[in-house]
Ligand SMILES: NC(=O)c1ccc[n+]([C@@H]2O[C@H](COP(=O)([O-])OP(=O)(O)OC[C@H]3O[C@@H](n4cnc5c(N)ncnc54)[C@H](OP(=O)(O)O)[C@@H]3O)[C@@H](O)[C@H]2O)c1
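One chain comes next, on its own, written out as structure tokens in the form predicted on its own.
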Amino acid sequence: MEYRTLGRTGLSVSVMGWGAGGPARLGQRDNINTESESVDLLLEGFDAGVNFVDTAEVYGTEDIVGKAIQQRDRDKFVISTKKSTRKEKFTPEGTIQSLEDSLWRLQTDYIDIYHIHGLRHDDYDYCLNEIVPVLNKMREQGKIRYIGVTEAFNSDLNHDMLQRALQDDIWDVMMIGFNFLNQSARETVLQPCIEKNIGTLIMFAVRRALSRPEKLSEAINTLIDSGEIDSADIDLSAPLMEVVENSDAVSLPDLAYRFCREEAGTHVILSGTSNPKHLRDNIASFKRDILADATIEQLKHIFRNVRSVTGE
């Protein structure tokens, strides 16, 4: 497993990060796995070299992460969790209580990265003035090591909130929506993060459009209709299969993870699953060689004008 330095935090993190949210939520969302099976799944990833895990109070998986971490050396892992921005709880007092609850569920004395979750542009100034001082106080108390913010990519396709957040030198880590279907964060977010030495966590590397052929076909047709893709650049009978076959990628998700891994400015690429075989496939992707430059440039060219989809 490759490890990278997470920007200004100085933390050494595995390039593959455990995502305990998303559609899978470790198999808890649809009761696919028992709690014990989800813990075992996490442990298998840890034992393969994954030392970064991301969860959130709204995912319902903090307690499972806590039980898995208890079976390993806590100090060797980086735990990332998030404070919901739902209005009834998004107050200074609610933030303090949320942190204490997260610490209890995670069975730890400190959280490495504590994020404001899915912050919207309209709520940014409130967060800056009312919530950030609370986060700084909790950091002074040793309950938080670093402060992060995550975007609501599905509703913020232009990354407006993160572009606003980049104006303030207070965020140690940012969670960014990015994949080869929508590479719009490259200039607007990733490059400024490089310049400011901000750690980056990549979400949406693989979503439904990059794991289900029928969803990919729908997305491609929509993008052709909107003029964001040139139909001459892609084989509509089997979208992107030619790219996969002409590379050393073994699947579309493999291609997608490796594309994000090689993007300048990315540190952790989040990957979630409820299935042990799927986990092993994902781990294998992150351990493969870099993609050929020609493959990367082809994907950059095909999707160069895309701004309207997330891959969801």
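These numbers were taken from a predicted model, which means no experiment stands behind them. One-based numbering along the sequence shown.
Keep in mind that the form predicted in complex with the named molecule is missing from the display, and what follows is about it.
Taking non-hydrogen atoms only, residue 206 approaches the named molecule to within 4.5 angstroms in the predicted complex. Taking the partner from elsewhere, residue 173 is found to have every heavy atom lying beyond 4.5 Å of the named molecule in the predicted complex. The named molecule in the predicted complex comes within 4.5 Å of no heavy atom belonging to residue 50. Proximity of residue 20 to the named molecule in the predicted complex: non-hydrogen atoms within 4.5 Å are present.
Of the candidate stretches 92-100, 163-171, 210-218, 189-197, only 210-218 has residues with heavy atoms within 4.5 Å of the named molecule in the predicted complex. Heavy atoms of every residue among 82, 151 and 274 are located within 4.5 Å of the named molecule in the predicted complex. When you look in the predicted complex, the only residue of 11, 299, 24, 291 with a non-hydrogen atom within 4.5 Å of the named molecule is 24. 270 is the sole member of 69, 39, 249, 270 with a non-hydrogen atom lying within 4.5 angstroms of the named molecule in the predicted complex. In the predicted complex, the residues of 53-85 lying within 4.5 Å of the named molecule by at least one heavy atom are, in order, 54, 59, 82.
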